[in-house]
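Read the single chain below, which is given as structure tokens and is the form predicted on its own.
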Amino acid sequence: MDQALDLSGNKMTDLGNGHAVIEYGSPWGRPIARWVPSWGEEKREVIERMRKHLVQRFGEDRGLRMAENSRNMIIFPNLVINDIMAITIRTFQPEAADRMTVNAWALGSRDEDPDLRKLRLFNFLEFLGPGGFATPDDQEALENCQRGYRNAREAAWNDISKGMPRVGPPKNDDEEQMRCFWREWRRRMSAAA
């Protein structure tokens, strides 16, 4: 497992076999244990209690990392887990050379505080859900990539070089996690040839 950590605590980890995860400090609230003022003072106590429980159960470093950091994990070939302001599982199922179905599920714990569940679900709908800020943007990017791939005769490459010339380990906003995926794809396609 190749793990890279930069000075800000952000890291990208190549998990091997096309799998990768990026981890970074969260600027937003996390219903698991990171309170933000927009949630109101009445939510602070329950979130602080959860935070203390994480530290008690997993130790200070690991507990605070769970509370503070967000993660986006790619599991080759078609699964993405977003552990950010809500936990979302996304699958990508190819249906044709130029079409795929994307499904997304929001996850929460069975014994979740009802007020925190409302916050988590609101975060999911507002940002990660089908009408949220991120998902329609991601879908549009995927569709534009597909339109670009139709021009493979004229430009038979895809530029995912952000971060390649950097000296030192990759950062969480580099494209190394995509290169992990495509290295595995190439390895499997070459083995089949």
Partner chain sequence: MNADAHLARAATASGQCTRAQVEEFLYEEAALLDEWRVEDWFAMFAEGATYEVPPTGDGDELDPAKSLFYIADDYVRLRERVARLLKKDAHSEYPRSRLRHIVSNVRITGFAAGIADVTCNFITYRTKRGVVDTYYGQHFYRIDCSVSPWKIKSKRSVLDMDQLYAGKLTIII
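Positions refer to the first chain, counted from 1. Predicted, not measured: the structure shown is a model, and the values here were computed from it.
Omitted here: the form predicted in complex with the partner chain. The next part is about that form.
Student: Okay, which stretch from 23 to 31, 139 to 147, 45 to 53, 153 to 161 lines the partner chain in the predicted bound form, with non-hydrogen atoms inside 4.5 Å?
Tutor: Looking at the other structure, the answer is 139 to 147.
Student: Only one of 37, 130, 165, 168 comes within 4.5 Å of the partner chain in the predicted bound form by heavy atoms, so just point that one out.
Tutor: Residue within 4.5 Å of the partner: 130.
Student: With the cut-off set at 4.5 Å between non-hydrogen atoms, does residue 126 touch the partner chain in the predicted bound form?
Tutor: Answer yes; at least one heavy atom of residue 126 falls within 4.5 Å of the partner chain in the predicted bound form.
Student: Is residue 121 a contact residue for the partner chain in the predicted bound form, using a 4.5 Å heavy atom cut-off?
Tutor: Yes, residue 121 lies within 4.5 Å of the partner chain in the predicted bound form.
Student: Answer for residue 79 alone: is it within 4.5 Å of the partner chain in the predicted bound form, judged on heavy atom distances?
Tutor: Flag for residue 79 set to no.
Student: Looking in the predicted bound form, any heavy atom of residue 106 within 4.5 Å of the partner chain?
Tutor: Looking in the predicted bound form, residue contacts with the partner chain include residue 106, since a heavy atom lies within 4.5 Å.
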